[in-house]
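The data below hold one chain only, encoded as structure tokens and taken in the form predicted alone.
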Amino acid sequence: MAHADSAVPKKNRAARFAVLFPFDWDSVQHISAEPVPYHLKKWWFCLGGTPMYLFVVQVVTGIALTFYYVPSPDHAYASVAAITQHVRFGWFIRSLHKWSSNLMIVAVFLHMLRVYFTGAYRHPRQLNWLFGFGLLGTTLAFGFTGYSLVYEQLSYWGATVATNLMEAIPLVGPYVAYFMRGGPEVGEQTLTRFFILHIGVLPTVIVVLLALHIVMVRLHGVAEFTFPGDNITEENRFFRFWPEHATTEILIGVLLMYILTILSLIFPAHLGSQANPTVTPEHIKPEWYFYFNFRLLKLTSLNISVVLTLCIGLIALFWPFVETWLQKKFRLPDKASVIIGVVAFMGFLILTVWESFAN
């Protein structure tokens, strides 16, 4: 016997579903047909979507790891060892989590460089630069807290050095360091706080910043660029989001998963010796994205390195406004920003490579 709904015309079924789920599907069609600037056919201009893919991988693998991880100094290392050695495919999930974290930092950094050197941060997109810089800072905080949760020897002492650096920040440093540690030194409360930051606070912050970032892109639109050799006419100046641009993004996502899988298989996440607060390792090194700060610390004193890092960070954060002030005050040419950016990036690169080869 046929079901009663089978006798209902399809139009009536669609109308009934529209009542149950009153969503404006016309808006989806409008978004999918939105024109996209020609320059976004080049893959390096699609880097904004890459951190989003990697963040999704982080969330999925992070949830899987949370089922087995125990945020306690007595059990944290043992739980990570169990994930790596005994849980089925645990080593692979952990490796995916690690490599997606590293690639996410690289992708956000490269995206910020692209925005800087193409001048896409200028009026009226200054506010979106602030959101983007906030995303970079949050991503670095993700990497730092996640690395510390392993509770191996180097991660424990890395957290100790990092909180000591925070303590040297003028005025607010001692309060920030005490809050991060949960006391005067790294201990049981530190691990708990890092865990809460890593799985609760930072994901919330990054989702809010991503939402604000996307809203600003929607409000201002995507900045258009033309390059020598581009055969742009009025007819091909834009192309549709769906399926042309969406296909590019999907292919990038597939390629990312392939790269993550290869890296996880060839270079799986390792596990060092368990944290021992009574024994200081001979060579303490943070994760690679903090090599710049670590080398700066070795070349100067604690207070000087912290103040320099803080000044560089604040100038980078408010650069759209700093650049406007410099142009009004000293009448700098447009190429001055490119020169400043190249010098700053080369300094960062030199110190990072230097530290990577140092003992």
Partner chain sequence: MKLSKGEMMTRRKWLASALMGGGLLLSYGALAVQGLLYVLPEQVKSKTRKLFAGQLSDFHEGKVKALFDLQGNQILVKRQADDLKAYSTVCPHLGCRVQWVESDKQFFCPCHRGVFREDGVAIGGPPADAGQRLAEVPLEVDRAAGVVYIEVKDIKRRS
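Worth saying up front: this structure is predicted, and the values here are computed from it rather than measured. Numbering follows the first chain given and starts at 1.
If you look for the form predicted together with its partner chain, you will not find it shown, but the lines that follow are about it.
**Student:** Please identify the residue among Leu302, Val60, Met52, Val322 with any heavy atom within 4.5 Å of its partner chain in the model of the complex.
**Tutor:** Result of the distance check: Leu302.
**Student:** Since exactly one of Ile262, Ala211, Leu171, Val279 fits, which has a heavy atom within 4.5 Å of its partner chain in the model of the complex?
**Tutor:** Here the answer is residue option Val279.
**Student:** For this chain shown on its own, do Phe142, Ile206 and Glu287 all sit within 4.5 Å of its partner chain in the model of the complex, going by heavy atoms?
**Tutor:** Not one of the three qualifies.
**Student:** Quick one: does Phe294 come within 4.5 Å of its partner chain in the model of the complex, counting heavy atoms only?
**Tutor:** Although its partner chain is absent here, Phe294 would touch it in the model of the complex, with heavy atoms inside 4.5 Å.
**Student:** At the 4.5 Å heavy atom threshold, is Trp157 in contact with its partner chain in the model of the complex?
**Tutor:** Trp157: contacts its partner chain in the model of the complex.
**Student:** Taking any heavy atom pair closer than or equal to 4.5 Å as contact, tell me whether Gly182 reaches its partner chain in the model of the complex.
**Tutor:** Yes - in the model of the complex, heavy atoms of Gly182 and its partner chain come within 4.5 Å of each other.
**Student:** Can you work out whether Leu165 and its partner chain are in contact in the model of the complex, taking contact to mean some heavy atom pair no more than 4.5 Å apart?
**Tutor:** Yes, Leu165 sits close enough to its partner chain in the model of the complex that at least one of its heavy atoms falls within 4.5 Å.
**Student:** If we take heavy atoms and a 4.5 Å cut-off, which stretch out of 89 to 97, 74 to 82, 279 to 287, 248 to 256 is in contact with its partner chain in the model of the complex?
**Tutor:** In the other structure, the partner sits against 279 to 287.
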